[in-house]
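Below, in structure tokens: the form predicted alone, a single chain.
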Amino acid sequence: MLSVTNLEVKFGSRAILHGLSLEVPAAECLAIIGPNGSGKTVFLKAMLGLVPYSGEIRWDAGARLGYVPQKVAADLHLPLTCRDLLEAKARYLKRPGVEIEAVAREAELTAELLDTNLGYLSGGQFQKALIAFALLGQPNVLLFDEPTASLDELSEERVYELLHSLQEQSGMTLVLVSHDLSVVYRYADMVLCLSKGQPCMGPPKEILTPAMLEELYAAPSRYYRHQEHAEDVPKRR
């Protein structure tokens, strides 16, 4: 679905990403981890064509991209409902109105939430609205930039379960930036580590090791017991 070759992104003389090459098969989940400033969001923006880069980013000819940003500020006084937001995108894409109800169901948005002003939605509800917005147009690739960064743990877990469910039901390809390594361990097929050194990539069991994480974050990681696999899994918040 995605092939990246010798990607380099510079801001002035500062190289944010350098020599990055990878492939992502269709219907798999790639998780991107790394310390702040390592280029995770920059990589997503390069994939979306929002920042200049050298090298090659090649999507499959049939790729249709959806994007959920890390944060969008909503003014409490803005008279804009979730339904208004979705209808505006549907008109722009020339999508039928029934698709709005379909993506609302997929994102678990009730009729009441659809008609609620965006500024009055909870953090978890607003993230679901952004997911519904991303789903309009029937994408087969979803890019998520820390989609639960401002949520409490319960809301965060529900959003990740929703993303995983969408992937399983429709075979979507997911590219996910996350600091929650327990989520990465559970849901990712491959993990890309970005840091000041050479990027590395591999399955979660190979990448999420104490030695690798201490090198990546320059600090020891905390661990908890993963009940399903009955093994220690690192977690960083």
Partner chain sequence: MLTSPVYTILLALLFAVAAGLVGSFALMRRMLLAGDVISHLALPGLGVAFLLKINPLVGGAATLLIGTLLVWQLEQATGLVTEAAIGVVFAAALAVGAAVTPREDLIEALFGGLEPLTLAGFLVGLAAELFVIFFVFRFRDRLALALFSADLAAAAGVKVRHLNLYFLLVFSLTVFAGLRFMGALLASALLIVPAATGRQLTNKFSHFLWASSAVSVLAVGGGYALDKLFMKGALPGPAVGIVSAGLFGLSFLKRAAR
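Positions refer to the first chain, counted from 1. For clarity, every value in this text was computed on a predicted model and none was experimentally measured.
Just so it is clear, the following notes concern the form predicted together with its partner chain, a form of the same protein that is not shown.
Three-residue candidate spot 26, 29 and 61; no residue lies within 4.5 angstroms of its partner chain in the predicted complex by any non-hydrogen atom.
Remark: of stretches 61-69, 198-206, 174-182, 32-40, the one touching its partner chain in the predicted complex is 61-69 (heavy atom within 4.5 Å). Site annotation in the predicted complex: the residue of 141, 104, 85, 135 reaching within 4.5 Å of its partner chain with a heavy atom is 85. Its partner chain is not shown here, but in the predicted complex it comes within 4.5 Å of a heavy atom of residue 89. When contacts are judged by a 4.5 Å heavy atom cut-off, residue 130 counts as touching its partner chain in the predicted complex. Put simply, residue 186 is far from its partner chain in the predicted complex: not one heavy atom of it is within 4.5 Å. Within 4.5 Å of some heavy atom of its partner chain in the predicted complex lies at least one heavy atom of residue 126. With contact defined as any non-hydrogen atom lying within 4.5 angstroms of its partner chain in the predicted complex, the contacting residues in 99-120 are 117, 118, 120, given in sequence order.
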